[in-house]
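A single chain comes next, written as structure tokens; it is the form predicted on its own.
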Amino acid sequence: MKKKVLILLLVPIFVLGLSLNVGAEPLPEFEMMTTTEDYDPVRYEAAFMIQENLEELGIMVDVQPTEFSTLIETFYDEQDFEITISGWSGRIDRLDPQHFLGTLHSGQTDLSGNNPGGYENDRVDELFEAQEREFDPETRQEYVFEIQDIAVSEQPKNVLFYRDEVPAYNQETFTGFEPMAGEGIYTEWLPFDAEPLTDDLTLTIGTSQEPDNINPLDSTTVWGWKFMRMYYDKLVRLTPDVEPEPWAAESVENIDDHTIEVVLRDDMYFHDGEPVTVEDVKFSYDYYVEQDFAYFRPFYEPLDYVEIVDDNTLHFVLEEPVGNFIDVTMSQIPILPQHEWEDIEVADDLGPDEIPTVASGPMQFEEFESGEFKSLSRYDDHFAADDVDIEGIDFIIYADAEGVFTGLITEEVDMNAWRLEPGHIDLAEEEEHLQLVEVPDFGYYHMTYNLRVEPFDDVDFRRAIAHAVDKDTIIEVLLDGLGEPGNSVIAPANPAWHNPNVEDFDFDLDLAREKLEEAGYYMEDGRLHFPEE
């Protein structure tokens, strides 16, 4: 009898012991990828600031400074990450909200897609597809604002800050630059803007950033495209006022809700002397669809097919009416020479020496030595060559921002490709030969979580740790006030589409602890633990 009683007494204790241990393990240590200090000291320092605050909450983080191209490959192409601090640059085409909203669409979650964190929300998908089909600006704005409300509330990424662009140029060697928001002076129009003031007709640009590659079917960084857009032409270019200007196209016209008619210029040639034809244009769009280049998928996804009407005319037939196809897609898809690409079955498998560089733009490719040098020359047979006063553009690739700044001071370069670091700005203002330019950015820097990894799949956890990021200190200390705290993927510098009323997540570690406790997480031995089951 005593044995039976003993067993009965032990059973509840054993069951209680199980209940205490189920789901009660501590959160593992997470890796946070960021750039190296040389590449971007602001992102580097911000990572350690965030690490310190997360560890106050019992969340252990190992900051991993990573060479930029490796970071991009790991983040986008492999999606092998837990937390990544990265950024989206503001290019003129991105003033339309399509691109940045696409980083929240479930159709971009596959490898190399623009939504590497794996965020999926049916309502966001529905609104995204509705806004791209909407022609009425006010109705489209309602959709765009609602997407921002949902995304900020669910925090699949924490938008950290928007950073002002402050480039400089040597005003004794060149003039004529027209700054653009989000781009500074290194814009698509640079070959047409730059006016030499001396007999040296080659513009030299200093940069610590270089292309991930120069394959138009594989490059996923702004630095790849900022270089390639100098020598590739598109059907349309966007003016500094964000108006679509027919470029390779003589005219572009909506002939009904589903059909856009393009008349191609008849005075265009590739850099090898071959004429640019409607067959090349059709091939280019078909090839992007066939290769399924995820980075450009939001651009070509609305397209049903391209039809050649005659020797100079094509019809772009859309599956659904899309209000921004001309502005966004036709200003981004480069025209490829069919005779160079048609026998390449898998474009993203090309090695560096196998990538065709023949294009039809106002500049032509000369050289790219990774880590050292890039070079372009004027293409004299381009239809707009008479408007280009420079003979070439040389890029010197430095190891870090300090090297670029030294190049500006010593007049080794005429301008920098990106912004000056905050510590360099006051020094540059003391140099008589340098002219500084300041423009707001509509790109953004973000901390993105891999939502396939626990507990980042928990929206309550993400909302709680949003209070652990001290954005004001990042702006005031790391950026010297040259920026704004972030919230939405659409920046305040884009007022037509930025939702000013999204939810705020003020820096408050006590509130973060409270929210974590409400979600079932608890602290033990200095480590945050998963909720008990």
Partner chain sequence: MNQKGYLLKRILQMIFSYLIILTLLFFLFRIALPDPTAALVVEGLSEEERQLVQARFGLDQPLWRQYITYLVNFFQGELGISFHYRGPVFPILVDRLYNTLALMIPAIIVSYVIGPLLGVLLSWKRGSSTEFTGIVSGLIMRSAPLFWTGMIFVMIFGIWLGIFPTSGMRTMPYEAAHFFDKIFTLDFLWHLILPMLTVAIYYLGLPMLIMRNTMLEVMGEDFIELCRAKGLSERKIMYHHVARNALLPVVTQAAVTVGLAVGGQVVVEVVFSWPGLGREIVQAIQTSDFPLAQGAFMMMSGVVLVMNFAADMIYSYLDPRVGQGGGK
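Residue numbers count along the first chain shown, from 1. Given the structure is predicted, the values throughout are model-derived calculations rather than measurements.
Although it is not shown, the form predicted together with its partner chain is what the next lines describe.
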In terms of non-hydrogen atoms within 4.5 angstroms, which of the given stretches 348 to 356, 268 to 276, 188 to 196, 458 to 466 touches its partner chain in the predicted complex?
-> 348 to 356
Mark residue 414 yes when one of its heavy atoms lies within 4.5 Å of a heavy atom of its partner chain in the predicted complex, and no otherwise.
-> no
Could you tell me if residue 91 has a non-hydrogen atom within 4.5 Å of its partner chain in the predicted complex?
-> yes
Could you confirm whether residue 398 comes within 4.5 Å of its partner chain in the predicted complex, counting heavy atoms only?
-> yes
Would you please decide whether residue 111 lies within 4.5 angstroms of its partner chain in the predicted complex, comparing each non-hydrogen atom pair?
-> yes
Note: exactly one of 96, 421, 146, 73 sits with a heavy atom within 4.5 Å of its partner chain in the predicted complex, namely 73
Looking at 210, 280, 165, 132, which has any heavy atom no more than 4.5 Å from its partner chain in the predicted complex?
-> 210
Using heavy atoms only and a 4.5 Å cut-off, decide whether all three of 243, 327 and 383 touch its partner chain in the predicted complex.
-> no
Heavy atom within 4.5 Å of its partner chain in the predicted complex - qualifying residues of 364 to 391 = 367, 369, 370, 371, 372, 373
